[in-house]
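In structure tokens, one chain follows: the form predicted on its own.
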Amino acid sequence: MAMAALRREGRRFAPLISPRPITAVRSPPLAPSHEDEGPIGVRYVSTQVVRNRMKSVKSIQKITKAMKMVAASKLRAIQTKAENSRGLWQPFTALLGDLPSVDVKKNVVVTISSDKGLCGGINSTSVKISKGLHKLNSGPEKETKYVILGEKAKAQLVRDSKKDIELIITELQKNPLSYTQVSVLADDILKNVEYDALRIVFNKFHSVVSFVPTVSTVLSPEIVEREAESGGKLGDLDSYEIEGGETKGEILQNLAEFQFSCVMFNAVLENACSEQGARMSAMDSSSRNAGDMLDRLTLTYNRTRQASITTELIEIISGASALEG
């Protein structure tokens, strides 16, 4: 009888009871992080972590999209120069040839890379080919040195081959590339390096998603004259008549210097095009990956939020049922 009377009294006073004691089964509320957010409990922290992660991914996605647009605008400007520069070195190839297999004692590997990263594997490819050329042309009576253009190749080659590095040039693309700028660099290389063959390693641009690692060889005047006297591919060089007071050695010296500056100009532009194309592809892939991650985080956030709401409803209903007896 006493229990029945207690149940009747509980039902009569239930509408007057404040719902605040129901929240006593939950953890003590934490301080809200934003004005529009309610009390933060144990379940609320998980949704907050997911929301913060979503904000970070959105920020990264905005940055990658902006970098893709910047790379596309730079690529259009450089691509025209690169296509026009191909007409400079092709006549030299027809006259003096390109002999990558020539056997000489002093080799200089000119590795062209970028100063900035986030452009795929073009720099690693150039460094691997340069190391292969260094190993191939090394021997007891041979000497192989490096000339490095770009921070990325410098960072990789300094660790393994610091003693073989002859010259390092960085910040090449700080200003718009021009033939005058590259010819000055080529003249500095020729003054500071003794060589029989210069082997220029760069990435030749084909399309936004395609580039080909390439090696161009520039021989010294003495080696060109030696190869011409021995016949072979340079045997037709003696068939040309020399006009003026210059000797054959002087003409070959001038041709070798001009050939190196033209090949360097084309190689720098081709590598710059490949860099911007690879950066476009890398940033496009990063933007797509960020979108996929954002979709997964949104799904996780919605599921966590729905689970939290469902749990709270269950607790409220359970508390009301307990009060009703």
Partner chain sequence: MASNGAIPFWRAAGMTYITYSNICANLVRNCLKEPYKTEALSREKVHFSISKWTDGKPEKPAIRSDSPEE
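Note that the structure is predicted; figures quoted are calculated from it, not measured. Numbering follows the first chain given and starts at 1.
Below, we turn to the form predicted in complex with its partner chain, even though it does not appear here.
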Original post:
Which of these residues, Ile165, Val215, Val208, Leu88, gets a heavy atom within 4.5 Å of its partner chain in the predicted complex?
Top reply: Ile165
Subject >> Single option in Glu83, Asp103, Asp160, Glu246 placed near its partner chain in the predicted complex, where near means a heavy atom within 4.5 Å >> reply: Glu246
Original post:
Only one of 285-293, 267-275, 54-62, 254-262 gets a heavy atom within 4.5 Å of its partner chain in the predicted complex; which is it?
Top reply: 254-262
Original post:
With the cut-off set at 4.5 Å between non-hydrogen atoms, does Leu190 touch its partner chain in the predicted complex?
Top reply: yes
Original post:
Using 4.5 Å between non-hydrogen atoms, is Ile129 touching its partner chain in the predicted complex?
Top reply: no
Original post:
Could you tell me if Ser178 has a non-hydrogen atom within 4.5 Å of its partner chain in the predicted complex?
Top reply: yes
Original post:
Taking heavy atoms and a 4.5 Å cut-off, does Val184 contact its partner chain in the predicted complex?
Top reply: yes
